[in-house]
Every structure is written in structure tokens, then in C-alpha cells.
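Okay, here we've got a single chain as C-alpha cells, the form predicted on its own, with questions on binding and movement later.
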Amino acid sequence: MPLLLRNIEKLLTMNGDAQNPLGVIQNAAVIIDGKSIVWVGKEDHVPYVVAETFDCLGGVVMPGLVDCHTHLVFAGSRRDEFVLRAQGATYQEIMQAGGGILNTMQATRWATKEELIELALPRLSRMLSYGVTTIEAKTGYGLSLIDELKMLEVMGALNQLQPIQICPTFLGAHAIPPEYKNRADDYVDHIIDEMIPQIKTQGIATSCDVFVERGAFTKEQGLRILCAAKAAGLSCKVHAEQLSHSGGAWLAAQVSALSASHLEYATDDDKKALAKTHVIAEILPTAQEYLGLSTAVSARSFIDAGLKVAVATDFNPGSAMCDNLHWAARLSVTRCGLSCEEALLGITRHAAKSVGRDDVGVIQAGKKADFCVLSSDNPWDLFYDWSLNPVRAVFKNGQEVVNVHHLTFGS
């Protein structure tokens, strides 16, 4: 049965132009039928009577938010590493001492699929309460064929257990596992010859990511992996230029990746190459803040170079233990130079493109009926009041899955 969302003070369609970048419609209404949007416009222009209505109480309605870079599935804690960093240790020093990604790898390998599901559900519940309806989630804490497949199985199960749509990414090239210590090329061969074919057969992952960084993978190794992934039908993503200039942006441009993320050390030439190949620049200000980096990535320089910028949490247990996309958006404004309009596009339309989705992130006839309804009539409250979660209700695929009094799962 069709449903009319009415009494909307401002509808942010994210389908605007230079004069109206957020595509704002005042005094708006939306009609949904099943999982899809069928009409968008002013409330006094609703084309036919709809019996079922949802009163938005004069609030803002925007697309369901998209967190385009997370490491959702993991076990264990790295709180001790946070304390070490507060005492002056660097991320690289902790990694070289056997901590970092390999710490989480060990805990995740030991965990059962059922345990990983139980750990992930409350995280997803919190994300949903912030209005997030789509996320990307990466593997990379298994680093063996059996454990990487296990992580993807967990993501497949989570897609059946709760409302948020998870777009799974294979990140077997996250770190060199201990059984391949000092044999990085052999591990790359293992990824290409054994992991990727099994990932393709399993059919859960939609993308493949590579961490190009000193102590992780070179751009040449990354190119081999991503070429094999593309041949297997996977889209490409790159962790690029986070801790040093290591060629990740070059790689993302070379393979026309969906996105390149982090980019703290990207050069002007990198930005031009990424813009030329239409790669989305993912900025992860939560990680920059969590690691206490003295300088933040200049998102303004990416936009000036012609790039579309997405904003994500990088939610993970080591460098960004924060699943609140609102905080990432706020920091993208205060630390990275985005305007509030650009930050909203970064967690909706541009984030959707970063995960290869064109059916979410905008409010338009024919797109998925994913919305978040704010308790405020002004979207800037999401940025202004850092103590506030202004989300009053969330719709996923046309169904109300959250209201302010009750979460529908995992609470």
C-alpha cells in the first residue's frame, strides 16, 4: 500500500544544481510504494489521495545516510594501543611491534561466525539510530582464505538479520599475515591464485580493496591484486596515501577505482589523476582525530581539483573506534574544510557512488525509499549541536525501522 510522507519543512533530495546543491524542496511530500519512491514534490501538489500517511512534524527529511568505509566485523579490543599512542607511540611503531591489524586478526580468527554476528549487531543498531541505511564493510582481519570467507559469510548473514544494507568488500591485502612474514610476494600470489577465485565463487563480496603503505603493500603488488579482482568481476577500492606517499592514489587512478580513501599525503598530481578517472575521494576525519594527527586532509583541495568527496567513519578497533557518521561529518567541516552542504553530499550522494550504488543517497522517483527524518526543521543542527542526535525516524526500503523511542533490533 502506498505511503505518503507529509508535513516536511525541508526535503533534501541531494539531486540539486549549482544554485541549490542539496536539491531542497520546501513544504514537501514524498510518496513511496513498496520499497521505492514513486513521487516527490510540494505537498500541495500531491497528485492523488494516499490513505496511509506519516507525519514528519515539520522536520527535515533527507536520504538515508551512507557510511562508505567501515571495518564493521571484528573481535577483540585495542584499547591498550590507544593508551600507548597517548604516551607517544606512533601507529607504525605499534604495528611493527606486532600490534595493530595483526592484533585484531588474531582475535577475529579465534572468534566463531556466531560470535562475530553478535558483536556486529549492536554496532549496526547504533549506526541505524544515526540514520545510516547503507554501509560498506571490509574484511581484512582474517588474512587467511578460511577466515576471510568467514568474515564475508558474517556480512551475508547480517544482511538478513537487520535493516542496514551492507556492501561487502574483500580486503585480504590489509596486512601481511604472520605465516607469510618476509614473504609478501608469496602472500600476494596466494591472494591472486587462491583467495580471489574463492571470493568470486562465494559471491558475497562486491569490491576488492588494497592497503598501499610502507609495511603493507606496494603499488605494484596492489596493481597485480586489483587487476585480478577486476577480472573476477569485483570493483576496486584503495587505501591510499594515509601515513606516507606510497603510490596508492596512482594505483586508484590506474584501475579507475570506485574510491581512494584517506589521502592525507596525496599530491596535486595525484588529485588531478583521480579527478580525470572519476575516482571518489573518501576522507576519514574520525581516523585523523582518533590518531591525533597534527594536520588534517584538505578536502577543499580535492574539490578544487574537480573531485567528488565522500565522508566516512573508517569505523575500526585500532584507528577509529567510532561508528557515529554524524561525528565524521562534523569533523569534515571543522577539520577538513568542507562546507555543511558538501559534508551532507559526502554522507549521501557521493558516498553512495563510492560504494557503486546509484539507487540510494538521493530522493528521487525510482530510487530506494531510504530516508531519515530529523526532529529539527534545520539540517544544520546535525553539525551545530554535537551533543544531539537529531534523527527522529528512519525508513529502509519503505519500512519504518527506527523511531526515537524504539530500535527494532539489537538494542
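Since this is a predicted model, take the numbers as computed values, not measurements. Numbers follow the displayed sequence, beginning with 1.
The next section is about a form of this same protein that is not shown, the form predicted in complex with N-(iminomethyl)-L-glutamic acid (NIG).
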Taking 4.5 Å between heavy atoms as the contact cutoff, choose which of 133, 319, 246, 169 touches N-(iminomethyl)-L-glutamic acid (NIG) in the predicted complex. 319
With N-(iminomethyl)-L-glutamic acid (NIG) left out of view, choose which of 314, 270, 148, 282 has a non-hydrogen atom within 4.5 angstroms of it in the predicted complex. 314
Quick one: find which of 110-118, 161-169, 272-280, 68-76 has residues within 4.5 Å of N-(iminomethyl)-L-glutamic acid (NIG) in the predicted complex by heavy atom distance. 68-76
Verify the contact flag for residue 101: yes if a non-hydrogen atom of it lies within 4.5 Å of a non-hydrogen atom of N-(iminomethyl)-L-glutamic acid (NIG) in the predicted complex, no if not. yes
Check residue 217 for me: does it contact N-(iminomethyl)-L-glutamic acid (NIG) in the predicted complex (non-hydrogen atoms, 4.5 angstroms)? no
Residue contact check: residue 327 to N-(iminomethyl)-L-glutamic acid (NIG) in the predicted complex, 4.5 Å heavy atom: no
Give a yes or no for residue 250: in the predicted complex, does one of its heavy atoms lie within 4.5 Å of a heavy atom belonging to N-(iminomethyl)-L-glutamic acid (NIG)? no
Please tell me whether the candidate spot formed by 174, 242 and 262 is one where all three residues come within 4.5 Å of N-(iminomethyl)-L-glutamic acid (NIG) in the predicted complex (heavy atoms). yes
Could you list which residues of 133-147 come within 4.5 Å of N-(iminomethyl)-L-glutamic acid (NIG) in the predicted complex, counting heavy atoms only? 141
